[in-house]
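Listed next as structure tokens is one chain, alone, in the form predicted on its own.
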């Protein structure tokens, strides 16, 4: 049986935030928003993995692992999530069709390279994109992709291509959805926010490892200073292009995760009635601005306009500035105490 279910499409800056927001709102959590889902999911992060390459460039992430945002946000609110992966598309399609017949929208992990509705310049081998499939009609699946303005659809073969894309982070038909969504009262939401604030500030300021958290930015800065001499300007420029791609195309653009987290802090300030969080929000917004400016400088090097050692040093100085700002800000947040019964 084919069935179409009414579904409210929400456009967001980042795919997993959007899927989490839409699925939880569908199940009655009308207060959920992209910043709240991202913040409750302890989404803000930074890591530079020196022993790993992505598209022949440095492995850098400005957020936590794919899937963690929805998992952590749901767990903080006492919501159970069902997840499944498959060895064959037939089994994956059969399970998907059964959820559609039940009227249950589901999240799907997909690769973006074969998404036909994506502009060609945005199609590259990245397998941790997230969409919602919510209905089926005449053999086509209705898709809500949070980064797109409107809903779209995919044929069964197109869906197979993206759900079983190969390479790093291969989705293997990964499908997920909430199994039960309890009523969330104000106290439960406050508790979840406080826990999320402490966890995220711990990750960013307390990990004694150079490549993780705020210190990771300083680590990247050191690498950038050495690259021109160590590996040459051409390879160094390509590395900077890779960082820009990870920040701008996968990271919502211009330090976008910092802006989303700053919006979460403003929401948290209102819910917890604690004005100190507005100042923290301003500092994280400043970090996002620094990242946006850094992307412009790196892009100029990548395009061959500015390629002297001084230009690489300027980029490295920017990363040092971000490291100092975020360490100070998240340490302050980590030490804060909150009265959730006020």
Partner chain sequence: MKKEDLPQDKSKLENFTREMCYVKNKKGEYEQVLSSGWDVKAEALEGAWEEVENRIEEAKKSVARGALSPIVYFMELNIMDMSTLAAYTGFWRISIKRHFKPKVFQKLSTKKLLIYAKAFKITIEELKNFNGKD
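For clarity, every value in this text was computed on a predicted model and none was experimentally measured. Residue numbers count along the first chain shown, from 1.
There is another form of this protein, the form predicted in complex with the partner chain, and it is not shown here; the text below is about that form.
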Just to confirm, with a 4.5 Å cut-off on non-hydrogen atoms, which of 125, 140, 190, 71 contacts the partner chain in the predicted bound form? 125
Which residue, 167, 232, 103, 78, has a heavy atom that falls within 4.5 Å of the partner chain in the predicted bound form? 167
Which of 107 to 115, 212 to 220, 129 to 137, 78 to 86 has heavy atoms within 4.5 Å of the partner chain in the predicted bound form? 107 to 115
Are any of the heavy atoms in residue 119 no more than 4.5 Å from a heavy atom of the partner chain in the predicted bound form? yes
Is residue 13 part of the interface with the partner chain in the predicted bound form - any heavy atom within 4.5 Å? yes
Applying a 4.5 Å heavy atom distance criterion, does residue 248 contact the partner chain in the predicted bound form? yes
Tell me, yes or no, whether residue 64 is in contact with the partner chain in the predicted bound form, where a contact means a heavy atom of each within 4.5 Å. no
Taking 148, 281 and 289 as a possible spot, do all three reach the partner chain in the predicted bound form with a heavy atom inside 4.5 Å? yes
Which residues from 290 to 322 come close to the partner chain in the predicted bound form, meaning a heavy atom within 4.5 Å? 292, 295, 296, 299, 302, 303
